[in-house]
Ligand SMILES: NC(=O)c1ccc[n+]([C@@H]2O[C@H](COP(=O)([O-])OP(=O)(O)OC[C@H]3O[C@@H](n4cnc5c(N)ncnc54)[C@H](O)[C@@H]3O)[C@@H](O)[C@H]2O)c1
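Take a look at this single chain in structure tokens; it is the form predicted on its own.
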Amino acid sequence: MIDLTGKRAIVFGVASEDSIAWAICKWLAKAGAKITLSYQTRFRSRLYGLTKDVDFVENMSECDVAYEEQVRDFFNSLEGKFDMIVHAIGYAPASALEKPLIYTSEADFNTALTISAYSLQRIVRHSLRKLNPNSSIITLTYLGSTRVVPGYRLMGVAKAALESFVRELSNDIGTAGHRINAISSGPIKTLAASHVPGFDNILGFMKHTAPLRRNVYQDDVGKAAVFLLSDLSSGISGQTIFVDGGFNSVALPSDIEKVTFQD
């Protein structure tokens, strides 16, 4: 087991018990890390319920990453230094997911890109003075960043921007020894995923097609996150690491001859 005793992490994006971010918190805690949580006001009561019986959360503070001043004030309020940051944030207005991308409004585009992608840059920028040397940062992305996934639409564009930020930021912060990477997980049932049209069909196709012939779960991502946040990944930065049962490596199902098509 990786030992993170004495290490401190900041986690953005816990919204419920089934959040990937919460799974990451639990795996970090198993490794010995202490965690500070950032939350939106609408999730406050849910987070207090999640954390009331745990001893690994040392602090919780409200912060809406859509606003520069809130991120600034969040980091100003923190005491001491930190070693790890988890950015597990993604959002697009429902109106943008209900129609083809060509009809996306500028307002919805700006909202999705600001919250899902630019927020990473905002967090990293304000965090630098609070990070110990050789810290590690991760974010969460999805295959829809590079391929068309039905129903994902504007979020695919936002995740593409997010992955580009990871590459660029790795160069910006690497001279100080800091690392940043993205985990691209397979589809997982979470509160956010429930808003993607046809999500159950996506889960079924992945299970049928992925080399491991199964869906991935929150814990799969949590374990990969602990690795990327630990010193065991000290030579890895600017990368998108797939945790999807190998799905990204397959073009077509192995039993494609059994699939029927209608002209």
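The model shown is predicted, which means the values in this text are computed figures rather than measured ones. For every residue, the number given is its place in the sequence shown, counted from 1.
Keep in mind that the form predicted in complex with the ligand is not shown, yet the notes after this line are about it.
Participant: Hey, of 59-67, 228-236, 205-213, 27-35, which bit sits against the ligand in the predicted complex at 4.5 Å between non-hydrogen atoms?
Facilitator: Contact-bearing stretch, as computed: 59-67.
Participant: Give a yes or no on whether every one of G90, T190 and A193 sits within 4.5 angstroms of the ligand in the predicted complex by heavy atom.
Facilitator: Answer is yes for this spot.
Participant: Check L140 for me: does it contact the ligand in the predicted complex (non-hydrogen atoms, 4.5 angstroms)?
Facilitator: L140 belongs to the contact set for the ligand.
Participant: So, in the predicted complex, is F43 in contact with the ligand at a 4.5 angstroms heavy atom limit?
Facilitator: Output for F43 is yes: heavy atoms within 4.5 Å of the ligand.
Participant: Just to confirm, I20 within 4.5 Å of the ligand in the predicted complex by heavy atoms?
Facilitator: Within the cut-off, so yes.
Participant: Counting only non-hydrogen atoms and a 4.5 angstroms cut-off, does S136 reach the ligand in the predicted complex?
Facilitator: Contact check for S136: no, nothing within 4.5 Å of the ligand in the predicted complex.
Participant: Would you mind picking the one in S127, S145, N181, S185 that has a heavy atom within 4.5 Å of the ligand in the predicted complex?
Facilitator: Of S127, S145, N181, S185, the residue with a heavy atom within 4.5 Å of the ligand in the predicted complex is S185.
Participant: Residue by residue through 143-170, which ones have a non-hydrogen atom no more than 4.5 angstroms from the ligand in the predicted complex?
Facilitator: The stretch 143-170, when checked against the ligand in the predicted complex, contributes Y152, M155, K159 at the 4.5 Å heavy-atom cut-off.
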